[in-house]
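In the block that follows, a single chain appears as structure tokens, in the form predicted alone.
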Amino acid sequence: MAETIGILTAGGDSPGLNAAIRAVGKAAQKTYGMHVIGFRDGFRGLMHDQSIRLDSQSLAGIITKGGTILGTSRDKVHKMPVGDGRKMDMRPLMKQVVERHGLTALVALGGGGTVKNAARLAEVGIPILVLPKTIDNDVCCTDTTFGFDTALSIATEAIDRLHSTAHSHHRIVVVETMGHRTGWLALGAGLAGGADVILIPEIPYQIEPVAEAILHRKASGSPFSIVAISEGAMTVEAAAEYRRLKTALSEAATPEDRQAAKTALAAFDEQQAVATRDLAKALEERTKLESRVTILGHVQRGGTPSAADRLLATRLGTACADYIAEGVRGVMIAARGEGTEPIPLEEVAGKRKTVPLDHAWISSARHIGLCLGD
């Protein structure tokens, strides 16, 4: 009998998901004669067995579409809400669904959280593989993730457009990108878009050097500046407090201590949610230049995926079908140059790819005189 495989998408939506679904499905069907089904709304749909057949007709024409035709959700498979306030381990139920359909492989498309969920499902014997997607580019052990190139282009175009209004009104424009505590998106878009200041989580910043850089531009005849900042960027003081709170959480000796640490971290995150606006206000006070904040938000995830993301998703998806046919399970399919490599889930789960301080993009930023806040 022909093998049957399943596909689901989990976590935040990302450009290129449909291209990846299409690639896995078409390669599995046309090259290996497999049957393919999809599960709606991520791991929650797997739990409820909300399955649909993914045939050639349902996969046709989706490569250009943003979002995901399967829908998505954010759930932890071992702590899933069940409607009465409780959270339960739903992995045994999910395994029953996999066995009921006779799946020889389940393909999950997602980021860091999806990798952790997949590793937990592998622990109970579910034959799972992961394709790495996220606009943040922070998944460990892969050159890049699909979704990042599209988001980078959108953020760069936004910075391009903000130059004219900043120049016309002699303003400071602070542009906040997504990033999930990593600076890939802000750094790349800031460089490509010609920002004057780039602030990323990997380099805690001080406000005074940023203000001085803007004042220097003003004195040199450029009475406007573009500041690109990642949503996870912090001042030196805030970064130190964050490390202290994370240490307190990891070293909590009792449930009460752990809950207190979680509460303190939640309060800290609430304060950081307005950090970009606080920065703009502080820069306005120090430079006497009017400042405006633009938070790009979810627009970075939307729309048609770029050609690069479609190609990457297609390459990873077709390789995934090859690995399934070879009997490979319990891995993430990583991009390696123009090739791929199956990385065991336990080597990826719980790790994050941050911007190395000696990365070529940081070196280039410093060489052309950009301020990084340090």
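Sequential numbering from 1, following the sequence displayed. Just so it is clear, the model here is predicted, and its values are computed rather than measured.
Beyond what is shown, the protein has a form predicted in complex with a small molecule; the following relates to that form.
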{"query": "Candidate from L131, L199, V210, I135 lying within 4.5 Å of the small molecule in the model of the complex - any heavy atom", "finding": "I135"}
{"query": "Contact residue in the model of the complex, from G147, G190, G110, G179 (heavy atom within 4.5 Å of the small molecule)", "finding": "G179"}
{"query": "Non-hydrogen atom within 4.5 angstroms of the small molecule in the model of the complex for each of H216, K218 and R366", "finding": "no"}
{"query": "Non-hydrogen atom contact E231 with the small molecule in the model of the complex at 4.5 angstroms", "finding": "yes"}
{"query": "R301: touches the small molecule in the model of the complex, heavy atom cutoff 4.5 angstroms", "finding": "yes"}
{"query": "is_contact(R74, the small molecule) in the model of the complex, heavy atom dist at most 4.5 Å", "finding": "yes"}
{"query": "Partner-facing stretch of 287-295, 179-187, 238-246, 80-88, counted where any non-hydrogen atom is within 4.5 angstroms of the small molecule in the model of the complex", "finding": "179-187"}
